[in-house]
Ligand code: 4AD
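Consider the single chain below, provided in structure tokens and representing the form predicted alone.
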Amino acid sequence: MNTCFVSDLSKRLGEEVELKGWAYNFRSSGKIFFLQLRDGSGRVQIVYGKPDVSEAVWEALSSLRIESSVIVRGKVKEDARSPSGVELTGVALEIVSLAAEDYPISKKEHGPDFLLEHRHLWLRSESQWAVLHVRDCIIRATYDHLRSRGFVKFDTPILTPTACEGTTELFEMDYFDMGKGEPSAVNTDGTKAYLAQSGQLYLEAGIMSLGRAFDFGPVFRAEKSKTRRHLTEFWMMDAEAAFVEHEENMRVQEELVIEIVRRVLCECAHELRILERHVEPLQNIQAPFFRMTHAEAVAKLREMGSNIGEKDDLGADDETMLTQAFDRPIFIEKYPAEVKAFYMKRDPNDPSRALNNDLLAPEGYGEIIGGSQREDDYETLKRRIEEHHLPMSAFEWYLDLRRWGSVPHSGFGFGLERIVAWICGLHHVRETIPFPRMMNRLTP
């Protein structure tokens, strides 16, 4: 008999099928046994009648424990009360592995620390299953959309000799002794390496070959932050495009976010119901997004009671206040150049401002994307590196991109976990990644 998946059962009405999965719940009335099975693709109930199965099968059912792995066989029938629309009339069961007693995650309420400590098991819960499916959908939508717009996947290094914006928030490690070519516990030549916090600079090299490129992978920040929006290790998508300037860069971001939300609404309606996510706010995510300059945002925030300064970045509280007042994402553009990264191009109409943007998600979720037009002039970029007191030798290769065939270009990056949190309606980003890494957590 061919094994099928729970997700395919609606196509197999009236057939006898075999399922392989885990017993996540069960109950018995003495004569009838109700088994709740999950197999990764979905969940379904199998109903066994004691007179209809062998004594061996009934004994196996009676010995089951939560999270035992099993192979079941039964006949598929329609059931309007079931979330999947079907259930099985059970005829056979084989226990693959009988779970240990006292599964640690019970139906009672557990605190976040307990669930993080048992993260390897909590991933089996229906809510986490739903989050992981939404996360996967967002990743696939990103790949599909960017490729449809001419972007090519380009893999940037995890180990880097320097940082995009300095090394204060990077994990530092000793690298090889470059003089001898052998590992050295103590580098006599002072060679250091850092875990990457962005692939942006390398993507800029990539677009001089490919025109448009993106990367998608883990990045690391040693920022000592404990907010609900920060992780030490997270996944980031960076995209760069040649011959794209500030305005078009924001259009690319807008189109991408709209497509991601559309795909999730289309493909993950069941998962959003499990998460009790109200979809009306997501259905409002249409063009055009709201736009305001940093100066306008500061003025509005002060009206709302914030004490933000004219040259300050928006803090988490500021972003929450601002985004709760709008039902669509908000572009905040043209921040004070002196507080932004050295590679951001200045606004020709106001050189005190950078041609950059942050994109804030509504409902209080705040920043999900940061982007800018990059400085493409060799002399100007060199001067910016000097003004930021960065080691010129580390950026010679980056300056080479301006020496030979420089073009106007722009890019942006999004934090995957922040987008997952927003779309799923989750309070903390620790719920959006299988094994969160934070200041106080490196296990399991």
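Quick caveat, the model's predicted, so the values are computed rather than measured. Quick note: we count residues from 1 along the sequence shown, nothing fancier.
The form predicted in complex with the named molecule is left out here; the points below concern that form.
- Of the candidate stretches 196-204, 258-266, 289-297, 90-98, only 196-204 has residues whose heavy atoms lie within 4.5 Å of the named molecule in the predicted complex.
- Note on contacts: among H230, H133, R353, H145, the single residue with a heavy atom within 4.5 Å of the named molecule in the predicted complex is H230.
- Note on the partner interface in the predicted complex: the residue among I369, L170, A241, I138 having a heavy atom within 4.5 angstroms of the named molecule is I369.
- By the 4.5 Å heavy atom rule, the three marked residues Y343, R374 and G413 all count as contacting the named molecule in the predicted complex.
- With a 4.5 Å cutoff on heavy atoms, Y175 does not count as touching the named molecule in the predicted complex; it lies far away.
- Heavy atoms of E223 reach within 4.5 Å of the named molecule in the predicted complex, making it an interface residue.
- Using a 4.5 angstroms threshold between heavy atoms, R418 counts as touching the named molecule in the predicted complex.
- The shortest heavy atom separation between L314 and the named molecule in the predicted complex exceeds 4.5 Å.
- Along 232-255, these residues reach a heavy atom to within 4.5 Å of the named molecule in the predicted complex: F234, M236, D238.
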